[in-house]
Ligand code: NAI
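Form predicted on its own, single chain, as structure tokens, below.
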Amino acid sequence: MHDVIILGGGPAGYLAAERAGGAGMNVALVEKRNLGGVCLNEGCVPSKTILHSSKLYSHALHAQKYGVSAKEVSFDLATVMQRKNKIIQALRKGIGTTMKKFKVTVEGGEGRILPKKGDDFQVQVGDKILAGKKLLITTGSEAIRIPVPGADQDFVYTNREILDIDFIPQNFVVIGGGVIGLEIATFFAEVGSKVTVVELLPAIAGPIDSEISGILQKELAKKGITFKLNCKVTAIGDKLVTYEADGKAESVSADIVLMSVGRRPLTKDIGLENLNVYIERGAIAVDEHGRTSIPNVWAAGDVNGTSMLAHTAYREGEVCINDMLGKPDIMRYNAIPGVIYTHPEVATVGYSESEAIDKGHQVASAKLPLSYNGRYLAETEGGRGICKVVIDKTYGTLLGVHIIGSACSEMIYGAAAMIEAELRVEDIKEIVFPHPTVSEIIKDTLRHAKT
């Protein structure tokens, strides 16, 4: 008998298992593939690993701008992929070691929830049936494939297959201009593919600030990426993607197609119907504690469909375990950072100006070009970036920070901490930032805001 059975070994699941085991709970963690989930094995970590290699390659090719001459620069995809696999293996091993440290029982195989037996939950894994007093569902999400003719061909990849590719395609087409699609488009553009992004919406990068989206599109276009916006894919033929633009059919050649149109929670075929867990718009509905409609059943991570990010999943898993342990804790989403790891990067946290107004705030805002910043100029030649801040005029608190430019992924947590702590602009002005750093742009932009 386990205190809790956790179904899914991704970020929400393995961190929750660690927290629960650390608190003395008897934990069973079920994972059908590899510990680490999509993020470690098919997403966040491998994509950032290969993107680092393409950035180094691009820097070497254009190093003359910085007074450095690099000759006979080449890109070895096999070595890049070997390094990527080595990193994944090392991190998987690290998670496994952590599970052992906290006495978590890891069950490999596909788990299915069975009807309750008395007050106990049951999960079948192969021939084994696990019993537990509580159940945490962290089954994650899966890539969506749009239902167009030809979408099932073997040269149409999702994020899972593309990160194991063993050649650089001449023509690479990305269907979907969201975060994943843009990151992979950046990689292939930097290593020599002719890249086309076909996006149904009039802008790329989803619901980010429109000015930042526009800058990102122009910067990626400099790398040779072609954008087809307001275009609907209608078919995938023989190495060809056909789309509708202004009512006319057009097409683009594709040796490889990346289907990157979003993800959906994995709620099917895991036995939720045996508990009658409430599903809303394909996701498990939860409250601020991670509780589902069924007592002693929680859900965290992508499966609840709220904020499909690994770092959100970590925190949600932690909140669920704290609730099981009777520790006061709730999940808050007002200060969840988001990053697009393109080159340049985009990092945002909190409300945009329009979102803040919609929420009823009296808003002040300001923006500065990153060329205002000495460190940025020292390390970036010919790039364009900005920082935008959103402030509540009534209370003087920071509501949002939005940046495009180098290093912003590494400094956005500071802005998240400011928003989480409800710091006033006057408080932030008293914080000493190291100089010269790109992070100073946040403080400088706040100084330009008229509150």
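Quantities reported herein were computed from a predicted structural model and do not represent experimental measurements. Heads up: residue numbers just count along the shown sequence, starting at 1.
There is another form of this protein, the form predicted together with the named molecule, and it is not shown here; the text below is about that form.
Novice: Residue 262 near the named molecule in the model of the complex, any heavy atom under 4.5 Å?
Specialist: The answer is yes: residue 262 has a heavy atom within 4.5 Å of the named molecule.
Novice: Although the named molecule is absent from this view, report whether residue 341 comes within 4.5 Å of it in the model of the complex, heavy atoms only.
Specialist: So residue 341 counts as contacting the named molecule.
Novice: Might residue 111 be said to contact the named molecule in the model of the complex, defining contact as any heavy atom within 4.5 Å?
Specialist: Looking in the model of the complex, residue contacts with the named molecule do not include residue 111, since no heavy atom lies within 4.5 Å.
Novice: Using heavy atoms and a 4.5 Å limit, would one call residue 284 a contact residue for the named molecule in the model of the complex?
Specialist: No, residue 284 sits far enough from the named molecule in the model of the complex that none of its heavy atoms falls within 4.5 Å.
Novice: Can you pick out, from 350, 169, 181, 271, the residue that has a heavy atom within 4.5 Å of the named molecule in the model of the complex?
Specialist: Flagged contact: 181.
Novice: Please tell me which of 297, 81, 233, 324 lies within 4.5 Å of the named molecule in the model of the complex, judged by heavy atoms.
Specialist: Of the listed residues, the single hit is 233.
Novice: The named molecule isn't shown here, but in the model of the complex, which of 173-181, 118-126, 312-320, 356-364 has heavy atoms within 4.5 Å of it?
Specialist: Comparing against the named molecule in the model of the complex, the contact stretch is 173-181.
Novice: Pull the contact list for 1-20: residues with a heavy atom within 4.5 Å of the named molecule in the model of the complex, in sequence order.
Specialist: If the 4.5 Å heavy-atom criterion is applied to the named molecule in the model of the complex, 1-20 yields nothing.
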